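Shown below, as structure tokens, is a lone chain in the form predicted alone; questions about how it binds or moves come after it.
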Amino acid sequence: MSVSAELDLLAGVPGQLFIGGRWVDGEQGGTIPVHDPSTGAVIKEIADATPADGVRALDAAVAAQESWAATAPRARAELLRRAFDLLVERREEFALLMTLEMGKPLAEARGEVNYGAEFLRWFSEEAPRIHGRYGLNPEGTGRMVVSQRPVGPCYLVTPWNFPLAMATRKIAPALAAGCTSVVKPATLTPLTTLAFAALLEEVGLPAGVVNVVTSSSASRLSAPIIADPRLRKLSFTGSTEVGVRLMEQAAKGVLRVSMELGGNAPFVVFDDADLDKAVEGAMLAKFRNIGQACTAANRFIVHESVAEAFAAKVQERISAFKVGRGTEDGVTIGPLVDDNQVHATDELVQDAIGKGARAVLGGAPIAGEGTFYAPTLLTDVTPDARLLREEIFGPVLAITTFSTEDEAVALANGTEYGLVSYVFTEDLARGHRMIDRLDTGMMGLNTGLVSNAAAPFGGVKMSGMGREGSFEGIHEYLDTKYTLIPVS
């Protein structure tokens, strides 16, 4: 990809706030630099919203709510479908934009465009299917009408690691349900969301239905929005620590809340597993997005009889990785998103090594330009290593062992998180037992990739509440209303 093509793309991305159908500067005129993590260079300056700008965006969402809720479901569906078609048409532009601001390899960015677009298509099909029910009550004294109504204005806060898919996964069901929204993208990767807002504007989104505000201080921006009694829903994807604080704020207004928080996914390999299949799953579950995913496998719990063979196969695959700028041909591992992520990853790796783990490959940042961390394989990880308890957002595969099924279950469930788990076994009965016994909201059985727009995405315990995608996803944006009509 030429430098001129990158510059042309970046020049076409709006750098202002999107409020009430207009691109506007922030109240105080401040800006935020957006960096290319592979070089550290500033690639664009964007508007820095103040708390007053956030309230202005909510004003626009509130003003548009009644008319958008009254819009025919088919009209909402057709707008989402036009957005899907245009996004697919511009797949290369959005993929490059994500690679420039976040660092993921271009091939993976194309995959995210495909995945993110599917939420637009899925919820375009769900919009006309919002339904209720009608029937006689048991006493025979009245007819019961149960209907679904839009929750109302929503505040949608998205993370930096999947800048398109996390936006479409929230915006699409809100639009389908008849809700307006204020979207707050991550400060590190705001450009993709801004470009997507421009796409929505192009396909005919009415003014004020979706508003986008970017800010250097998420907490300052969010506080008055969440405290405003006109807001009716908060959806957040990010760390558990921040999610808990937001839920505390949302409780004061009794807001509907959806939270997709941290993960600490176990990847369990039993002695009867197909090791080639398990290794292929491990590459997907661990190294997709450079390991920066809440669904990333964090703890590889491998039966002691196959641990050595599994590690050898993994070592061979990791050794073949190409590290570099995501726009370069053949790159499989790009940079981590910033220096903070590099330091956090290395801190957990060094803790594990200090407690007895062996670094078979990698185990350190890569010196030079950009925020790169060497793809790492750790074996003999001890139970007291922090990375078995804390989420690691980096290209680090850490192996610990077990001897019995009960021990594997105890290790897998021995965390406050419960987003996703991965299990590899050729024993169907054992697979079904793991479905029942593992405390996670999602599970991959003999696969390392579970995400799909048609599937309910979400976790249990400290990994959050609510579901995104699937039939469940639109109901997060709907309230149920019951009406009794007496029989005359």
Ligand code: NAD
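Residue numbers run from 1 along the displayed sequence. What you see is a predicted model; the values in this text were computed from it and never measured.
This protein has a second form, the form predicted in complex with ligand NAD, left out of what is shown; the following refers to that one.
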Query raised in the report: Wondering, does Pro159 line up within 4.5 Å of ligand NAD in the model of the complex on heavy atoms?
Result: yes
Query raised in the report: Can any non-hydrogen atom of Asp380 be found within 4.5 angstroms of ligand NAD in the model of the complex?
Result: no
Query raised in the report: Closest heavy atom of Glu391 to ligand NAD in the model of the complex, within 4.5 Å or not?
Result: yes
Report task. Report whether the minimum heavy atom distance between Ala172 and ligand NAD in the model of the complex is within 4.5 Å. Result -> no
Query raised in the report: Can all three of Gly238, Cys294 and Phe457 be found with a heavy atom no more than 4.5 Å from ligand NAD in the model of the complex?
Result: yes
Report summary line: Here the chain appears without its partner; judged in the model of the complex, the stretch of 400-408, 260-268, 144-152, 305-313 with heavy atoms within 4.5 Å of ligand NAD is 260-268
Query raised in the report: Of these, Val242, Val360, Ala77, Ala344, which has a heavy atom no more than 4.5 Å from ligand NAD in the model of the complex?
Result: Val242
Query - Answer option from Val182, Ala177, Met166, Ile290, heavy atom within 4.5 Å of ligand NAD in the model of the complex - result: Met166
Query raised in the report: Does any residue in 12-29 get within 4.5 Å of ligand NAD in the model of the complex, counting heavy atoms only, and if so which ones?
Result: none
